[in-house]
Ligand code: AMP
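Only one chain is given next, in C-alpha coordinates, and it is the form predicted alone.
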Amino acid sequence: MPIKDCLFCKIIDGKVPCNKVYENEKIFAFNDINPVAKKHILIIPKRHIENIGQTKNLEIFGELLISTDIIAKKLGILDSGYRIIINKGKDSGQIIDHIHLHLIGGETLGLLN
(Lines give C-alpha, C1' and ligand atoms only; values in the text may rest on other atoms or scores of the structure.)
Protein backbone atom coordinates (compact mmCIF):
# COMPACT_ATOMS: atom_id res chain seq x y z
CA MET A 1 0.00 0.00 0.00
CA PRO A 2 1.51 3.35 -1.00
CA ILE A 3 2.20 5.95 1.67
CA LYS A 4 0.97 9.41 0.65
CA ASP A 5 4.11 11.36 1.59
CA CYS A 6 6.69 8.76 0.52
CA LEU A 7 8.85 9.90 -2.41
CA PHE A 8 9.44 6.34 -3.61
CA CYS A 9 5.72 5.53 -3.53
CA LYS A 10 5.15 8.65 -5.65
CA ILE A 11 7.81 7.47 -8.12
CA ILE A 12 6.17 4.04 -8.39
CA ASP A 13 2.78 5.69 -8.95
CA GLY A 14 4.24 7.89 -11.72
CA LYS A 15 3.64 11.11 -9.78
CA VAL A 16 7.38 11.88 -9.67
CA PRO A 17 9.49 11.30 -12.80
CA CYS A 18 12.50 8.98 -12.83
CA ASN A 19 14.74 7.17 -15.27
CA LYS A 20 13.34 3.64 -14.88
CA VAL A 21 15.78 0.78 -15.43
CA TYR A 22 13.66 -2.24 -14.48
CA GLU A 23 10.20 -3.16 -13.32
CA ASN A 24 8.22 -6.30 -12.59
CA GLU A 25 5.09 -6.96 -10.54
CA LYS A 26 6.93 -6.53 -7.20
CA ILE A 27 10.07 -4.48 -7.88
CA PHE A 28 10.85 -1.07 -9.38
CA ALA A 29 14.38 0.17 -10.17
CA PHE A 30 15.64 3.52 -11.38
CA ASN A 31 18.80 5.60 -11.68
CA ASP A 32 19.87 7.43 -8.53
CA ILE A 33 19.78 11.20 -9.06
CA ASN A 34 23.07 11.57 -7.13
CA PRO A 35 25.18 8.64 -8.39
CA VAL A 36 28.37 7.64 -6.59
CA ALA A 37 29.58 5.49 -9.52
CA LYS A 38 29.01 5.16 -13.26
CA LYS A 39 26.08 2.87 -12.53
CA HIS A 40 24.02 3.63 -9.43
CA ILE A 41 20.53 2.15 -9.35
CA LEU A 42 17.95 2.26 -6.57
CA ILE A 43 15.89 -0.92 -6.29
CA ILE A 44 12.67 -0.68 -4.30
CA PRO A 45 9.68 -2.89 -3.58
CA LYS A 46 6.39 -1.63 -4.96
CA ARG A 47 4.86 -2.36 -1.57
CA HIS A 48 5.83 0.23 1.02
CA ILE A 49 8.17 -1.31 3.59
CA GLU A 50 9.98 1.12 5.83
CA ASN A 51 13.29 -0.69 6.39
CA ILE A 52 15.12 -4.00 6.39
CA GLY A 53 14.23 -4.55 10.07
CA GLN A 54 10.69 -5.47 9.15
CA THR A 55 11.37 -9.21 9.01
CA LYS A 56 7.76 -10.17 8.28
CA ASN A 57 8.55 -9.22 4.68
CA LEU A 58 11.24 -11.83 3.99
CA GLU A 59 9.83 -12.81 0.58
CA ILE A 60 10.20 -9.27 -0.78
CA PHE A 61 13.81 -9.11 0.42
CA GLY A 62 14.52 -12.19 -1.67
CA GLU A 63 12.87 -10.55 -4.68
CA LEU A 64 15.01 -7.45 -4.20
CA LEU A 65 18.21 -9.48 -4.06
CA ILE A 66 17.32 -11.69 -7.03
CA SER A 67 16.59 -8.59 -9.10
CA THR A 68 20.16 -7.33 -8.69
CA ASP A 69 21.63 -9.87 -11.13
CA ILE A 70 18.83 -9.22 -13.63
CA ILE A 71 19.48 -5.48 -13.49
CA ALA A 72 23.27 -5.87 -13.53
CA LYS A 73 23.01 -8.03 -16.65
CA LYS A 74 20.79 -5.42 -18.31
CA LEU A 75 23.36 -2.72 -17.44
CA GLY A 76 26.29 -4.81 -18.72
CA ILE A 77 28.01 -5.05 -15.33
CA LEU A 78 27.08 -8.57 -14.26
CA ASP A 79 30.47 -10.07 -15.15
CA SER A 80 32.61 -7.18 -13.89
CA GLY A 81 30.75 -7.07 -10.58
CA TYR A 82 28.74 -4.69 -8.48
CA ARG A 83 28.12 -3.69 -4.90
CA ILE A 84 24.81 -3.73 -3.02
CA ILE A 85 24.24 -1.36 -0.12
CA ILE A 86 21.22 -1.29 2.19
CA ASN A 87 20.95 1.46 4.78
CA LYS A 88 18.74 1.22 7.86
CA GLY A 89 18.04 4.27 9.96
CA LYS A 90 19.18 7.87 9.87
CA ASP A 91 22.72 7.20 11.19
CA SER A 92 23.37 4.84 8.27
CA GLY A 93 22.29 7.43 5.73
CA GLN A 94 18.75 6.18 5.07
CA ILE A 95 17.03 9.37 3.95
CA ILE A 96 13.75 7.91 2.66
CA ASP A 97 11.79 5.53 4.88
CA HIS A 98 11.06 3.03 2.11
CA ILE A 99 13.52 0.16 1.91
CA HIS A 100 15.84 0.41 -1.07
CA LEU A 101 18.97 -1.27 -2.33
CA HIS A 102 21.75 0.70 -3.95
CA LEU A 103 23.25 -1.29 -6.83
CA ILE A 104 26.60 0.34 -7.62
CA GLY A 105 29.10 -0.58 -10.33
CA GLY A 106 30.32 0.13 -13.82
CA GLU A 107 33.81 0.96 -12.56
CA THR A 108 36.37 -0.28 -10.03
CA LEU A 109 35.05 0.52 -6.58
CA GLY A 110 37.22 1.25 -3.58
CA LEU A 111 37.48 -1.10 -0.63
CA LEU A 112 35.16 -0.62 2.30
CA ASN A 113 37.15 0.14 5.42
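From 1 onward, residues are counted along the sequence shown. Small disclaimer: the values here were computed from a predicted structure and weren't measured.
Keep in mind that the form predicted in complex with the ligand is missing from the display, and what follows is about it.
Novice: Can all three of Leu65, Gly81 and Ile84 be found with a heavy atom no more than 4.5 Å from the ligand in the predicted bound form?
Specialist: Checked in the predicted bound form: no contact with the ligand for any of the three.
Novice: Considering the ligand in the predicted bound form, which of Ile49, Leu42, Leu75, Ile60 comes within 4.5 Å of it through any heavy atom?
Specialist: Looking at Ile49, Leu42, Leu75, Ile60 one by one, just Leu42 meets the 4.5 Å heavy-atom criterion.
Novice: Look up in the predicted bound form whether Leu7 has a non-hydrogen atom within 4.5 angstroms of the ligand, and give yes or no.
Specialist: Yes, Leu7 is a contact residue.
Novice: Residue-level contact is defined here as any heavy atom of the residue lying within 4.5 Å of the ligand in the predicted bound form; does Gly14 satisfy this criterion?
Specialist: Output for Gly14 is no: heavy atoms all beyond 4.5 Å of the ligand.
Novice: Does any part of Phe28 reach within 4.5 Å of the ligand in the predicted bound form? Heavy atoms only, please.
Specialist: Residue-level check for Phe28: no, no contact with the ligand.
Novice: Using a 4.5 Å cut-off on heavy atoms, what residues in 84-111 are near the ligand in the predicted bound form?
Specialist: The stretch touches the partner through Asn87, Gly93, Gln94, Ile95, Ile96, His100, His102.
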